[in-house]
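Here's a solo chain for you in structure tokens, the form predicted on its own.
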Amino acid sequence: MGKKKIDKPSISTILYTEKGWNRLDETVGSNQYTSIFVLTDSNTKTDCLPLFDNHFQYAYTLLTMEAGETNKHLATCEDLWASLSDQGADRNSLLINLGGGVVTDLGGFVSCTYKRGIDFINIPTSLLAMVDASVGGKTGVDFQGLKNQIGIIKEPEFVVIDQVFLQTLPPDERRSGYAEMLKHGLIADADYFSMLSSNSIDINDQLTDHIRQSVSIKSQVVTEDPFEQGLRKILNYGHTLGHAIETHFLEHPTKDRLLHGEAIAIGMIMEAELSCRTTNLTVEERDQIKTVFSSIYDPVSFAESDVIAIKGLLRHDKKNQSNQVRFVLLQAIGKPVIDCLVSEEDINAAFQFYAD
């Protein structure tokens, strides 16, 4: 008996600025939700909630979690589930996730699991969340120190993107999101990568058109492969090593944590070297990738003990099959290849390439 065919869910509508705020007003006004909750973290409560309140006229209950990846775990979910229950939230309640990637990932997961699912809307406030985390329906939390091990793929009702929130971001958070935008060019559009690499682009300036382009690229991929059976894996370029690096620095007792984009930038440089060795990426394009990321992101040093620990974390990557670590690599800029196997020798060489 063959596999039962599952219809592809449609990706949620992504609306910008006033169109988004108008849809939010219309949706809340017409759906007769029994209660409305807004989830922020301790940063967005201060920096972004006043901007949200300028556009939202309905009564709501505020939920707040502590900011940061270190709080993206089941204990935070338990606190939020308890708050929803204590406040009488039922299956006709709405949760609005106002924040960066941690808030949209965790808030989406809380929504999907509370009373087997309540409606949720994402309003991303960081560049990373706008171009990546809030788009595509991935929700989830870290588990036992490992990134995004527990989660559900479910689309929000819609996403509201308003670049006004970027005014609240420090430069390192903007750079973190920009890494994902550069990745979109590397996996789908060489001209887009070249444009984002140009010295004429100011990461701290208006990025509206580029945000739309990145969201469009991700949306097209997710629409074709919502459950990551094939094509959607290309979005993980740089993430196999990048997630392991991010996890290692997050869990290490003495190292400063890396932002997601900072770790993924390192992963993309290293996986460019793996691509050169495995899928025939040219030396010229490999070096171009390293030059671009090295001009934006500060270098990070890896001791031998770090390399050993990071390689150990690779065995937990979600793309693994039959205990084999699978990489997304590049044949050329804009031409990815999924499910690539590499040797430990090549991984060691990738660390060395980054360090040189």
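Residue indices: 1-based, along the sequence shown. Since this is a predicted model, take the numbers as computed values, not measurements.
Form predicted together with a small molecule: not shown, discussed below.
- The candidate spot formed by Gly100, Asp105 and Thr125 lies fully in contact with the small molecule in the model of the complex, as each residue has a heavy atom within 4.5 Å of it.
- Within this chain, Ala129 lines the site of the small molecule in the model of the complex, having a heavy atom no more than 4.5 Å away.
- Put simply, Glu173 is close to the small molecule in the model of the complex: some heavy atom of it is within 4.5 Å.
- Though the partner is left out of this view, Lys72 does reach within 4.5 Å of the small molecule in the model of the complex, counting heavy atoms only.
- Within 4.5 Å of some heavy atom of the small molecule in the model of the complex lies at least one heavy atom of Asn43.
- Heavy atoms within 4.5 Å of the small molecule in the model of the complex are found in one stretch of 74-82, 165-173, 190-198, 89-97, which is 165-173.
- Only one of the listed residues (Asn148, Thr223, Ser216, Thr113) places a non-hydrogen atom within 4.5 angstroms of the small molecule in the model of the complex, and that residue is Asn148.
- Of the residues given (Val325, Ile36, Ala67, Val292), Ala67 alone sits with a heavy atom within 4.5 Å of the small molecule in the model of the complex.
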